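Single chain ahead, written as structure tokens, the form predicted alone.
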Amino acid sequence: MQHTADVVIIGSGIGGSSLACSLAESGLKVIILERGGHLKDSAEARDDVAIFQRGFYRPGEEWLGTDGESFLANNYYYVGGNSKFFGAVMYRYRKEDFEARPHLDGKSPGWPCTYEELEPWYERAEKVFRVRGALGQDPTEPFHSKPYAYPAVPDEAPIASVRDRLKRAGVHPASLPLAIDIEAWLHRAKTGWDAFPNTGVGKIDAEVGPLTEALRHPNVTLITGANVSRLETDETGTRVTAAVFVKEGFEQRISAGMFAVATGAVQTAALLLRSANKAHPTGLANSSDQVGRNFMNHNTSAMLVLDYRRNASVYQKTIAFNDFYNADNDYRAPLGNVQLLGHITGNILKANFPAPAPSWLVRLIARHAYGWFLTSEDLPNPESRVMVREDRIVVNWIRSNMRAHQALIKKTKDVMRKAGFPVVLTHTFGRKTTSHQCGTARLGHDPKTSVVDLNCRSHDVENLYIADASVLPTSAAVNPALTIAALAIKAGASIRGV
């Protein structure tokens, strides 16, 4: 079966949906190919036992490590992509993240553009995702040309108390920028949203936000269950002519004037590598040999702090602090971000407890617990990479900058104890934990060292764009969703010629 379009977008996650939204008013015929289907509502959607203990939504796909061991990828394939389960944190990268700067164990190369150049696109992305936030609380917050359109998600009473205690401990707790309609979310059920699937409209994920807006236009179409296997080019290799995909067991093709790949840092790299041909023997758009390289995956830890008083919050995830984000600390190096996790119930804690424990015990601990998520920057390394072997995805993540992460843990423990939490426990996530993957098709000015230009267009293939986390030159130390959306919206403007 043959299809035609002006623009084909592969993937409906944050990048693909934001690009479609950016193109929707152009009149171009846009077709989005999504491997998965719509995430349907069910009783399990707000059941913490089903989600965290039984793994009702846990993906079954496995990738291979270079040590020969398989591991669960934890990538979700639904309309909206991984954003259906994300924590809805929509941070801007800090101004300093765009600049080259030293770290404890290496150097961040910076970006080929400045924060100021991306700032207007951040503002547009915040509008599309209806981000709630507050300015003036976080000393690392970069310049905003406009205030947030919606006020910050309110702290619950226990979290308001934690905010005050953190201030007395000497840090600057600030409201998280969140793509959450809290009233709509709680109307469905009184739970947190962090790692819970969004089957309604409370979480402004890629489907609820930009994709819904794009599909209001008759020139935008979504095809689900379409698993793209490769891209084909003309004989010169300078233009993509078709995307080949399988739907319901049948191979189909779609031709278009423009193609955009937005399937995530790992899957995008794998697709380009699988699309090798005579004109592109090492993979499509890979004359730089950078496709699949510079894979980054934040260094992260969970921190559990216990309080004498009961934590009666429902959703919890409203504050963070960035006092150790930049080099103005006693380590004289950037350390990272500290943000609340969603409220940890007894059932969630039991699913992640390090040893078998009776339910009464984990419920007791959970009633007095606050969970935090600590993130440090992973630095790009060309040997940290995604490969394809016999059609299997192979990931060789060479993690970096762990001294900075250990320093962040130490500094945060000190803060928590000063804030009056007598017990502080941490768990650092391992090499095969997939968290905020990025970097496998980096953007830059030089075709010899980068895959796409500053508009996310391939240096090698004139009608190919990449619109996901693959293009990020650095991982920074905050959630990348808003930066992905901003770059995708910017790419759409480039395609439109504006």
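Note that the structure is a prediction, hence the values are computed from the model and not measured. Start at 1 with the first residue shown and count on from there.
Quick note: we don't show the form predicted in complex with a small molecule, though the next part is all about it.
Visitor: Should residue 22 be counted as a contact of the small molecule in the model of the complex, where contact means heavy atoms within 4.5 Å?
Guide: Although the small molecule is absent here, residue 22 would stay clear of it in the model of the complex, with no heavy atoms inside 4.5 Å.
Visitor: Quick check on residue 421: any heavy atom within 4.5 Å of the small molecule in the model of the complex?
Guide: Although the small molecule is absent here, residue 421 would stay clear of it in the model of the complex, with no heavy atoms inside 4.5 Å.
Visitor: Quick one: is residue 82 in contact with the small molecule in the model of the complex, heavy atoms, 4.5 Å cut-off?
Guide: Residue-level check for residue 82: yes, a contact with the small molecule.
Visitor: Answer for residue 304 alone: is it within 4.5 Å of the small molecule in the model of the complex, judged on heavy atom distances?
Guide: Answer no; every heavy atom of residue 304 is more than 4.5 Å from the small molecule in the model of the complex.
Visitor: Please pick, from 73, 222, 89, 366, the one residue with any non-hydrogen atom lying within 4.5 angstroms of the small molecule in the model of the complex.
Guide: Comparing distances to the small molecule in the model of the complex, the residue within 4.5 Å is 89.
Visitor: Could you check which residue among 238, 326, 137, 227 gets a heavy atom within 4.5 Å of the small molecule in the model of the complex?
Guide: Among 238, 326, 137, 227, a heavy atom within 4.5 Å of the small molecule in the model of the complex occurs only for 227.
Visitor: Where, among 454-462, 28-36, 43-51, 439-447, do residues come within 4.5 Å of the small molecule in the model of the complex by heavy atom distance?
Guide: The contacting stretch here is 28-36.
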